[in-house]
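Same chain, two forms, each on its own as structure tokens: structure 1, then structure 2.
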Structure 1
């Protein structure tokens, strides 16, 4: 325990040195070289960030409000993608008929980068929320189906046999064996899916939107306002990190049974 604490302190120390070095280099670079014509100093970025917490970027929304708009889109699209993806993935993995019908069609869609759906979504649904939900949905859906399908395929037939031997019927075996043994795979898919969704919402907002965190950085680009772009990027990174942490925590709770050791 003591050793662990010491180790943690040690690595924290090195992290701080590393981060401080970057910030100092960044500041020096901006102050004394031609980079300064393009980039703001870290302090400026930080000040702007604090400022935009209570003051609007663009017409009326503050930074947290822009983030909320983007997050809402992700939550809607991602939830839809999770439900549909898990259902289709399991159905394809467990029923050969569904597999035969859906797999070739899915294989048609799978290799398309989710960003490439943006123009089509705009032509189909206009520039409103539906188009964005569709883009986010596609981004999450593909990853979740691929992983869930792999999970449903590897369900141990012996384990199903065990359940039948102990008196489970088909439905009970499905819920007590198939679903639990797919859960780790579903989570792997959802983790990748969520980060792809977060990327897709940015891209969608950058291409066509009047609000949202992705819009703030393109707006910054159009106004030549580097500070605003950096504020946006930092906010995006922080939220992305939080989403990843959230997923990992959920996985740890739901897949407790896989953890060895104490």
Structure 2
């Protein structure tokens, strides 16, 4: 335990050193080179970020409000993608008929990047929330299906045989053998899917929106406000990191049976 805490402390220490080095180089570059014509200093970005926590960007919404709008969209799209992706991935992995019908269609959709759906989403659903939900859904859906399908294919058939020998029926074997075997793969897909959903909502908001953190970057570009652009970028990075940490924590809590040792 002490060794693990020491390793975590060292990792945090060197991470802070890396961040500090970037900030120092950024500041020096802005102060003493022509980069200063294009970039604000880190201090200016932090001051603006603090200002936008209590003052509106645009007409009414502060920075936390814009982040809340984007997160609400991600939660809706990601939830739908998770449910549909897990169901389809397990169905394709465990039932040959479903795999034969759905896999060729899925392989056609799989290589399409989420941003490529933006024009079609606008044509099909307009520029409202439905279009954004569809774009987010497609971004997460593909990754979740891929990983869940791989997990369903990796189920140990010997374990299923043992379950049947012990008297389990099809439903019991499914919930006590297939699902637990797929859970690590499902979480891996959901972690990647959540990140892609976050990127997708930002892209959607940059194209057609009047609110959200992606819109704040576009508004900064239109106004030539580089500081606001950096505020949006940093907010995106911080929230993306927090979402990744949240998913890893959820996996540790829900998959304690996978942890070996202390």
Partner chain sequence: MNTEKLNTAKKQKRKYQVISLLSVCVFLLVWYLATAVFELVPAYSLPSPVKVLETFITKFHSKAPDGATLPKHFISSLQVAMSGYVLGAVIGVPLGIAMGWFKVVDKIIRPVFDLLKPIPPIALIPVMIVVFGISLQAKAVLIFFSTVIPCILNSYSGIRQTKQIHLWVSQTFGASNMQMLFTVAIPSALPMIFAGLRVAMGSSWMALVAAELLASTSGLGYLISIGRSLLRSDLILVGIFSLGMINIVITAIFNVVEKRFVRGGKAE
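From a predicted model like this one, the values you see are computed outputs, not experimental measurements. What we label the rigid core is the largest C-alpha set whose atoms superpose within 1.5 Å from one form to the other. Numbering follows the first chain given and starts at 1.
Student: Do you think the form predicted together with its partner chain is shown as structure 1, or as structure 2?
Tutor: Form predicted together with its partner chain: structure 1.
Student: Any CA movement of 2 Å or more for residue 238 between structure 1 and structure 2, core superposed?
Tutor: Residue 238: C-alpha displaced by less than 2 Å between structure 1 and structure 2.
Student: In Å, how large is the C-alpha displacement of residue 20 between structure 1 and structure 2 after the rigid core is aligned?
Tutor: The alpha-carbon displacement, core-superposed, is 2.9 Å.
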